[in-house]
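In the form predicted alone, a lone chain appears below as structure tokens.
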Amino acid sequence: MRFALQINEGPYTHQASDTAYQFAKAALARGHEIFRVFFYHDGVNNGTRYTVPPQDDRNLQKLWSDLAEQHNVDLVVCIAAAQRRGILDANEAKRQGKDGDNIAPGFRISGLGQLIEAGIQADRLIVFGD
């Protein structure tokens, strides 16, 4: 089965990202495909490389980055939600006149069209969070 995931909540304010990550790992382990993970609303906070959780806490940004690298999972951060929360890739930082970017490895910034495509291409689109 081909899944697309939408994550609407930040990594440390809600269980949604943890649950989505565990779902993605389990689905991949059973031979399913994760077509795309789309981070929306506060979920875009999963995609900043400046997250520094305590050593005894899980690092969801790194877990997602590692998953993307190991399984070629497409991690897309909504551009409008990211801009509102100060998350930029190098191109967007330059376009906005900012002096740096903070997008995490394995993540990319794009628009809602990527979510629409994921819903069309996947067998199931599963939404995590409010």
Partner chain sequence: MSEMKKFLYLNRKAPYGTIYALESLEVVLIGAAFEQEVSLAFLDDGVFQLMNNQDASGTGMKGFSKTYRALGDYEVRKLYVETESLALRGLAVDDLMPITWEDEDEDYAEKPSIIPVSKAELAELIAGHDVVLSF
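Because the structure is a prediction, the values reported are computed rather than measured. Residue numbers count along the first chain shown, from 1.
The same protein also has a form predicted in complex with its partner chain, omitted here; what follows describes it.
Heavy atoms within 4.5 Å of its partner chain in the predicted bound form belong, among the stretches 22-30, 57-65, 77-85, 93-101, to residues of 77-85. Taking non-hydrogen atoms only, residue 117 approaches its partner chain to within 4.5 angstroms in the predicted bound form. The closest non-hydrogen atom of residue 16 lies beyond 4.5 Å of its partner chain in the predicted bound form. Scanning 109-130 for heavy atoms within 4.5 Å of its partner chain in the predicted bound form gives 112, 113, 115, 116, 117, 119, 120, 121, 122, 125, 127, 130 in sequence order.
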